Every structure is written in C-alpha cells, then in structure tokens.
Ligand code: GDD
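For reference, the chain that follows is the form predicted on its own, supplied as structure tokens.
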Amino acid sequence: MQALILAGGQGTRLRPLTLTTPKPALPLAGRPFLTFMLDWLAGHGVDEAILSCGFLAEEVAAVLGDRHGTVRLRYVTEPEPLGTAGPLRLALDQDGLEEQVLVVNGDVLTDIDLGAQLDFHRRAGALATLALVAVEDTSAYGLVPTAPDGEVEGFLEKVDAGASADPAPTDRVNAGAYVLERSVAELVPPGRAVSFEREIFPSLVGKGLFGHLDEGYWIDIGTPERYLEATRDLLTGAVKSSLPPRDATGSLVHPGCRTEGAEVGPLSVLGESCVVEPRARVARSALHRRVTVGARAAVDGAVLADGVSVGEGAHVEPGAVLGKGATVAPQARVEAGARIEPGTEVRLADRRPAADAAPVRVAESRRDG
C-alpha cells in the first residue's frame, strides 16, 4: 500500500518552534513527530510513503532519511505551496501512483483503523473515502454530513460551517485521512494550488464520495496547546505508540540527561542531553534537546525548543513556548502563554537592588542579531 503524506505546510500556528524546525521533524515525546505517523501507516500495511514537502524540505529529508522501519520514503518538493490536493497531482506527474493511495495530513496524531476504512471503501465501490471522527467542538474543523450508508451529502469547511447561527448539521469532521482511487488524482488541475476541501471533494458529492466514522484517537497537533495535549496522551498511553517505558511520574527522560537533585514530573519529556539542576522543577512540560534549567528554576506546562537555557531561579509559566536557543535570565519570569522567538534573551524588567526588589512578574526580551 502506498501513502502520500501532506507535510509541506509552514506550521505557522506552532511558531516559534517551527521557525527553525519543520513541523514533520518537530520533536514529540523526544522523537520526530512524523515517525509516529509512519509507525501507524506501517501497522496498516503501508510499505511506501511519499512525503510532500515545501518549507525546509531538505531538513525533513535529513532527519527522516529514505526508510523508516519497513516503510520506504521518497520525497516530492512543492516548488510553491500547492494546497492540500496539488501535491497529489505532483506525485502523480513525477513518479506515478498506484491504483489506490492513502492521503494523510502530516499534522495529525492518530490510531484510527485504516484497515476498516479500506474495507469500507472497497465494499462501497467508492472513488474517495474520508476518515471521519466525532468532536464536541466543531468550530475549528470541516464538517462532513453523511447519509446512513456513509455517502457524503456535503462538505462544509470550517468557515462555511461557522457562518450560520443554526446548529451544526453533524459532529463528524474531516480527520485528514483519505482512501483515493488514482482517478481522483487525475481530476486535480496541475501546476497550481488546489484544495481537496473546497474544490475536489465538493465536486465528488453524489459521485462516489463516502465517509467512514472511526472512534479511535485523533488530534491535530497544529497549536502549542494541542501539541502539549498530544504529548500528555502519549505519556499516559491514551494513544498507541512504541515509546519506551515512562517513570513513576509518567515522565520520559531520554539518554544523556542530568537531573540529580531536581524534580521532574508529572507528565514531562526531557529530550537528549538536557540538564535540570538541583532544586529545579519541570512539570507537565516538553523540553527538546540540550535544554538547561538552572537551580531553583521552575518550568510548568511549557515547551522549550533545542538549546534553550533557563537561568537560576527563573520561572516559565504554563502555555509559554520558547524557540530554539532562547535564554531566560536568572530570576526572570516568562509569563503564561508567552511566545519567545529563537535566539531571544528574556531579561528582568526591574533590576532594583535585592533589598527592596518586589517579585518580578514581567520580563522584557531582546532578539540577538
């Protein structure tokens, strides 16, 4: 089985992490994110994955190589952004496609049953079958109402679905995993950006477009909040994975880390070669590689990219995201939800003498260079 992974986006909602690292290669629980997707695909018989890349394509290839386990990897590079369907036509024109192909969005962590979706597709004699999941809040997703037999009755992208004050017609949303006949690729106009959701799928309504509901785990990791949620779900085993065992706090500490005398956990990830100094605390956070947290510092519910340094006694509050190589001065505070760009220094906003200094709640930042 062949799969096309749509991995060409810039990951703008995950900035500043994706300013220096393409989203497919972004560490999740200490591994390149896309390796979880490749494991999932391999478990359903996929032996070749075509990665459609654009932003920082060379880095994606450098991280993933030409094979992951039993899955051969090859790459097509979008000369300019081609939307969600344009890469399918590009893959068809460059190297050809099999008679049937899986197409999956490259920003989803899931364990939905692709085998059941494939079986449904074949029984229905479909041209295209979309994986659907039910969600409580449909406002951020495309809605896909279906008939009792699974035939798609309409395709409402999130802008359309949210434009009416009426209740949503369904709680079933597009999960970004499609079984397509090769003839669907031939419908995609070449040489321009094309949208599955706005052009191709609406044109197939009533002509062989079906949806298959799955109750498996599914999350779009496209925001820092959902990135942390996915991290926690991997640590707790809410989604199937091949991660190594976690410690008593549910945390995962990768090789080469130094944490003696520190408090790590619950539900935290320390990438390779991190240092957490004595009396420092890291909780519910994701630290990428070579991160340093100074003595008596605290990191709670935050994401710290490669090479971040948090000074002694500093505090990084929940929801903060620090880009690659950022530094936090001793005693400084990175406030909740802050986005600190790569290479930025976060300094104390108030440097009054210690004798009369009030607790510092605001930090100012400076971008190096």
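Heads up: residue numbers just count along the shown sequence, starting at 1. Values in this document were obtained by computation on a predicted structure and should not be read as measured data.
The same protein also exists as the form predicted in complex with the ligand; that form is not shown, yet it is the one meant from here on.
The partner is not drawn, yet in the predicted complex one stretch among 172 to 180, 231 to 239, 247 to 255, 202 to 210 has residues with heavy atoms inside 4.5 Å of the ligand: 172 to 180. The partner is absent here, but in the predicted complex a heavy atom of T84, alone among T292, T110, Q117, T84, sits within 4.5 Å of the ligand. Residue-level contacts in the predicted complex: of E78, E277, E225, D93, one residue has a heavy atom within 4.5 Å of the ligand, and it is E78. Although the partner is absent here, R13 is a contact residue: one of its heavy atoms lies within 4.5 angstroms of the ligand in the predicted complex.
E197 belongs to the set of residues with a heavy atom inside 4.5 Å of the ligand in the predicted complex. Shown alone here, G142 lies within 4.5 Å of the ligand in the predicted complex, counting heavy atoms only. With a 4.5 Å cutoff on heavy atoms, T327 does not count as touching the ligand in the predicted complex; it lies far away. With contact defined as any non-hydrogen atom lying within 4.5 angstroms of the ligand in the predicted complex, the contacting residues in 201 to 237 are W218, D220, given in sequence order.
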